[in-house]
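Have a look below at one chain only, the form predicted alone, in structure tokens format.
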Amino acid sequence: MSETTTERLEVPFTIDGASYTALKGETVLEAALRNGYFIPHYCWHPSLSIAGNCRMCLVHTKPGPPKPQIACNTVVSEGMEVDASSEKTLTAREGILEFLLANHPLDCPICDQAGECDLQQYSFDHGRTTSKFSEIKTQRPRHDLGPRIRFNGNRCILCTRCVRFCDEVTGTGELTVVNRSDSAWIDVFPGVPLDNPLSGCTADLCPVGALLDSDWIHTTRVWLLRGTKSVCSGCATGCNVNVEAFDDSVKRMTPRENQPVNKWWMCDEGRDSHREATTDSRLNVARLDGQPVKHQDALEAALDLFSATPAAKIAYLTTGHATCEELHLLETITDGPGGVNYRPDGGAFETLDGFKLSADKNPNRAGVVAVLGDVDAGERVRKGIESGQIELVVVCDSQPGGANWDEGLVEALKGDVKAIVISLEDTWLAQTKQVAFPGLHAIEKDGTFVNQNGRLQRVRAAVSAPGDTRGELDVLQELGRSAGHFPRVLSAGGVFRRLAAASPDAFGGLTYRGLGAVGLPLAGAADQTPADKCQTYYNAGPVSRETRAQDEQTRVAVHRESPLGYGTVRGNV
């Protein structure tokens, strides 16, 4: 866009006497939020049509009528003066809020939305200490709208965000407003439950406690959660997420905004993907010849086995769930062939606004191509084993459920060939081969994934690994160090530096820290959106509320009387 065009699109205006600039056609609410001036609102969302039914964003404007206007549907004109905080404006909002609270139950102490509820926050900012409404409150139904979403009608303020989301984003149209006036509520059409692939987003969009994710409710108070900015490992879309944990256990995953990747959304499958880290089939202890041992004992045996085998006779097997750093280490420490197993395709879905749930259920298939190039499913490894050219196979299997290796390869692996296995699941390889180490799930590891459009993004550990599990990066680097490939064991960032130096065509010019919260495109990627264009002025999910304790120090201060620190690591300090 040329400088002249940019200037032509800019419209100067003021809010409470301060000068701001709006884009031509922008509403007062949009311009205010984009410029960092917050105006309270419920029903408006940048991805949805303007409903204008909550009336909470009232402002007075000049030029304009003497009565207050809704900022979400008032277009900025040149020289407009917006009054957003005077006594008459605040009085108008207080009146609106009094109507919204007329039938709302005073149940904040037991409501799961408490701590990230807009209605709760605005009641402190604009509400009264007492209500003039003393009549019996209207009762609305409470029931499940679908397998995931529970509806509490008494808390609903009829902002219709959820209804518009199902109409305008998913296009599934399950929700509607039934009845009228104070007897109206949100409901599903008969026989059509709220069960689309993104149904959990309706709970994210709800500004009050009316729609709740049934997987999350009655678990942990939101101000106790510790959020980690990471990437969903459920498919190749690579949705940006907040992995929110308490007491070293993941309680929920919510979306983070990244416009070219997942906009403001994430699918229900991705929300549940953290459960794959806590299955009964997981490998939680190292093994030596099938018997449980301490990590150090297994490591010493693995180092002896690895050092005694020529590099040319060592092959590797991995999956589309390995990080780029793990792939680089596998390629570096072995001179033999490699093989990669991918999860089979699953369901796909595309919203009306362009968000795509990928059928490819491998979060780092593109990373495999960028790091390893053209690698088959293990055919060359099988031939090497059968011909006697391969004596040792390093297996790095972080795929939930375990990799489904080709039958011919399985038969070859069942023979006399030795193997060092790093596995998330307690597979037959981990049970029968010489050395096995527990692997890490994506919520427990640091590294990078490349999504289906070529964007390199950071995966961050949100919880600790079980037991004395060290993870793939540590084990692979220890093996490489024993053979003289590395002088010392580095963090994921240090391994990435080695990767970038070894693969300048794909990763040159990128730094681990520079990836930030939204990632960066690889050279030649389909998604070339720069980092500063990935996020707007409006965040996704309930973490956009400003009432939560975000850091450990705050949580310790809030709960300093607890000897356990309510899940914090420092306790009563």
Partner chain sequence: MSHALPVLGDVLERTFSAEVQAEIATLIKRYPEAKATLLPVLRIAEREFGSVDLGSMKLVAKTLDLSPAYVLGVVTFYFHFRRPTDGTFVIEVCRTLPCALRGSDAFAEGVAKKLGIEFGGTTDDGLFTIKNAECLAACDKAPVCHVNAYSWECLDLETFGKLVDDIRANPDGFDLTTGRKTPYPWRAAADPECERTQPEGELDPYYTAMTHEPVLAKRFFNDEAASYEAYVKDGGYVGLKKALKLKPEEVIQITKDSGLRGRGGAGFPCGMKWGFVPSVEKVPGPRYLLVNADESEPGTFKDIRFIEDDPHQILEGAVIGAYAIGSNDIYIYIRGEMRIGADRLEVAIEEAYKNGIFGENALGFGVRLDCTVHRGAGAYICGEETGLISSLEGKRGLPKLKPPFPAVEGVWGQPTIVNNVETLANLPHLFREGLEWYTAIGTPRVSKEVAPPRGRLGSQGPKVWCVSGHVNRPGVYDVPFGVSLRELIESDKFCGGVWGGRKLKGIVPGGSSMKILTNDEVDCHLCYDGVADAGSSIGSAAIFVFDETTCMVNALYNVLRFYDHESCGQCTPCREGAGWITKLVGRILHGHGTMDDLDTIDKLSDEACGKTICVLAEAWSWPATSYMHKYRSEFETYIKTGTSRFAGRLYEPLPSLSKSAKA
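Residue numbers count along the first chain shown, from 1. Because the structure is a prediction, the values reported are computed rather than measured.
The same protein also exists as the form predicted in complex with its partner chain; that form is not shown, yet it is the one meant from here on.
- Its partner chain in the predicted bound form is not approached by H45, whose heavy atoms all lie more than 4.5 angstroms from it.
- Contact between F124 and its partner chain in the predicted bound form is not found at the 4.5 Å heavy atom cutoff.
- Although the partner is absent from this view, P68 contacts its partner chain in the predicted bound form, with a non-hydrogen atom inside 4.5 angstroms.
- Contact annotation for D187: at least one heavy atom lies within 4.5 Å of its partner chain in the predicted bound form.
- Every residue of the trio E135, E174 and V177 has some heavy atom no more than 4.5 Å from its partner chain in the predicted bound form.
- D182 is the sole member of D195, D406, D182, D345 with a non-hydrogen atom lying within 4.5 angstroms of its partner chain in the predicted bound form.
- Shown without its partner, this chain lists A506, L33, C54, C534 as candidates; in the predicted bound form, only C54 has a non-hydrogen atom within 4.5 angstroms of its partner chain.
- The stretch among 77 to 85, 238 to 246, 150 to 158, 380 to 388 whose residues place heavy atoms within 4.5 Å of its partner chain in the predicted bound form is 150 to 158.
- Contacts with its partner chain in the predicted bound form, taken as any heavy atom within 4.5 Å, map within 98 to 122 to E98, F99, L100, A102, N103.
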